[in-house]
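Only one chain is shown below, in structure tokens, and it's the form predicted alone.
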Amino acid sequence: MPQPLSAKDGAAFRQVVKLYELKQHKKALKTAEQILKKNPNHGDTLAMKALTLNAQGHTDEAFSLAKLALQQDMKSHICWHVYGLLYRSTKQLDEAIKAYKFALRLEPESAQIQRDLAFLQIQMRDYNGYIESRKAILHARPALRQNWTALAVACHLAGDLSAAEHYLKTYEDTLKQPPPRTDMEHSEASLYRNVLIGEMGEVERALAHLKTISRNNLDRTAVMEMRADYLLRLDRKDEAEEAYRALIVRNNEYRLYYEKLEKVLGLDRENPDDHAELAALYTSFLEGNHRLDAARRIPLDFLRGDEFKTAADKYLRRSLAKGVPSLFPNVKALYSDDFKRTTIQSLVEGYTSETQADGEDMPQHTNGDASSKFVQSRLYFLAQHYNYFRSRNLKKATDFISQALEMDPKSPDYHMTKARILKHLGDVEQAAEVMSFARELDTKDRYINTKCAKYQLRNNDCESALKTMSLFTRNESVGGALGDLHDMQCMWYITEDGEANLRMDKLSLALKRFKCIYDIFDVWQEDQFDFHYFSIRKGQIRAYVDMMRWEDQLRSHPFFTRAALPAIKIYVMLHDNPDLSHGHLANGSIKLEGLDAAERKRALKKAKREQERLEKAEAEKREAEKKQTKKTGTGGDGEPKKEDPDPHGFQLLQTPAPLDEAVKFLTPLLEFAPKNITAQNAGFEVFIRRNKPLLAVKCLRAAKSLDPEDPVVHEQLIRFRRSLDSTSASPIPDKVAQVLKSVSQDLLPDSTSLTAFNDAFMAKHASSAPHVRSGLRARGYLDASSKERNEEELLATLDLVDLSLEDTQAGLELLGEWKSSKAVQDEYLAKAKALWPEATSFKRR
């Protein structure tokens, strides 16, 4: 039975609620405790105290108190609502929905509970439940337009487009007079309704509706684009042509408009017969605006032969004469065509300062030496040309950029290009120094600052990189510059930092960074809650629907894949070698290879002592910083921010179940990036170690379907067949064994000799270093006595044509895996240095 409150305590309880909403948690807690002294069994006050404690980070205590509140008053909607809020804060959304539904049974008229339930349902993509909740909210307050719009969005996301359009139309029919032209919500809702009609395939009706709303709509560009699209779909070509020409006038550098206009006119870039008409079309655009770049650049995509050479010559001369820095990025997309690449190369190499552009449309130079600018631009272009992977000749690139620097030694662009060339030569140390010099030439340029930090990270100089980034961060926040980069979700830096630490064998720090990327994606998913309310209230419906569709594919983002794969690799390493969980071992300071049992034991003890020392030193450092700085650190949102209790990632590394942690990264990869062969390879490695052979073979089949000749797939095929042939430590159920046997016949039949299969693979790919390494690894699995032969053949890969720096480094790492003798490694290293004399990775060994 609920305990009633006196009038005074009732007012105090309302004050608790208000203080909580104002985030004055200490005052709210104090007031709640005063009420509980007089009314110790008052469920609602206990619930509010639990909610306040949870906001202060005492989650376990908050749950205990919330359960006690429910025991005191099971029929209080406040207690059940708070219980749901606690579950939501811990991301147990299913349990939160159950609690909200129970609270609604007790208080069906509560708009707050109904709204919270609706937001949870859309967050969980429970569209049917969301529709029902939105109907209830609409029934309670039918006068609010946003309630009608939200119900329409619910039906749209559930796939019921006709119902969504019906609800929007129903509300519009209730309006006694049209809203003012400045009504943004009405403008957006009208366009959203038009989008729904178009998505239903009723193009004619969509066009007619668009005509009725276009006059007063605030998004003029969207109206024009939708009208042009509808006319094109209806095959009303004359009107569509006029519409797209109007859009081009509005934005004459937007390529999509030109492509659509070509489609309207029935012109095909792949058809040589249309090239003359296409060229005339783009020439007509130039007549009206001689500054236009798109009309000069687009024809280079479809022209061929002499026509291309003539057009490219005009385009290149004009841009070089103007000194356009982005000329090479503008044309490098053409390099996939061998003829166009060689034509551009021969044209630019043939230019001299005297053979500047001819033609009336060339820029007139009034200041400075035009000839000098042309020469510099030409040298800069050629340096980028020979640095590009499709036309790479690093010696020529170095010569050209050196000449450009002689003419203008204070150009940041030239120094940045020189740094890129050095990076491709493998000299990441010198590249970082040159990029740092470029940064010093323009200290206010954030882009160059970012590039400098990136190159320092590639040089494994994490400390200098952080110092560079600190020039543009809020260093007073908790954690300093690194803390601010985390708050700002600077994923490129965090990822590069993790990869640098992984290269240095600092597994704990690397894992810490990759886990941070994982958490950022969780935050992005959680941030949807803010937009479920904000977007509907502000009427930004089309953007909201686009956001929801983007969120559904969130973890297909390349940054997630880039962080997840090395994180999985680290967890697999921890499973294979649990000793790496000791921080100092994981950070590459101590090596256990080659140690006997007694030495190994001493090394482990030393690692533990070193880890304890580091943790103690870190704690003392944080304490000293607290004493020096009286101001409380804040996060990116201005709220007080707690210090990271595990800044080095030692606790992450000491997980008792590394493969379970790996699965957390792996599952989204397999779901959202199923065509990423590296993700499928990682899935095999994880599942085969978890003794999940069916899941492992599923990943193996997927990888083989993507690329049957992939070197990692080849190696895993052999390992899988061997695992089936050998006696398993844990017996496989008969049905599973039958499935595996059947699948194995498709992948690699039993009649096939593994040795012969591997030899044939190596013979087929004898000129590919990655395939040769894969074959040598597989031979090592099949024949332990083949080590010396494998080492000889690995050394022979250094004689392959067009061997990349990455392949050369991978070969040296493979010798380390095999624990080859120092003499063999030295011989390989000597040949590698001869091939890549500038490479930092070989200089440091």
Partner chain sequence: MDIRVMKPSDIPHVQQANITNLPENYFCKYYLYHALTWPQLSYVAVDVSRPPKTPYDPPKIVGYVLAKMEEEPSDGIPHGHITSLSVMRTHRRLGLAEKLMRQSQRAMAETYGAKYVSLHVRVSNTAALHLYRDTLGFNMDKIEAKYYADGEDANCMRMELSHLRFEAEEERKGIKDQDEGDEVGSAGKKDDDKKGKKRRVKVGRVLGVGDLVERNESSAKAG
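Bear in mind that the values here come from a model prediction, so they are computed numbers and not experimental data. Between two forms, the rigid core is the largest collection of C-alphas that superpose within 1.5 Å. Numbering follows the first chain given and starts at 1.
Omitted here: the form predicted together with the partner chain. The next part is about that form.
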Heavy atom within 4.5 Å of the partner chain in the model of the complex - the one residue of Asp94, Glu620, Asp530, Asp173 that qualifies: Asp530
The partner chain isn't shown here, but in the model of the complex which of Ile448, Val264, Ala702, Leu281 has a heavy atom within 4.5 Å of it? Ile448
Stretch in contact, per heavy atom within 4.5 angstroms of the partner chain in the model of the complex, of 643-651, 764-772, 545-553, 155-163: 545-553
Under a 4.5 Å heavy atom criterion, is Asp73 part of the interface with the partner chain in the model of the complex? no
Classify Arg291 as contacting or not contacting the partner chain in the model of the complex by the rule of any non-hydrogen atom within 4.5 angstroms, answering yes or no. yes
Touches the partner chain in the model of the complex: Pro412 (any heavy atom, 4.5 Å): yes
Lys395: touches the partner chain in the model of the complex, heavy atom cutoff 4.5 angstroms: no
Can you name the residues of 649-680 that have a heavy atom within 4.5 Å of the partner chain in the model of the complex? Phe672, Ala673, Pro674, Lys675, Asn676
Rigid core fit then Leu22 CA moved by 2 Å or more between this form and the one not shown: yes
Honestly, after the rigid core fit, is Glu172 moving at least 2 Å at Cα between this form and the one not shown? yes
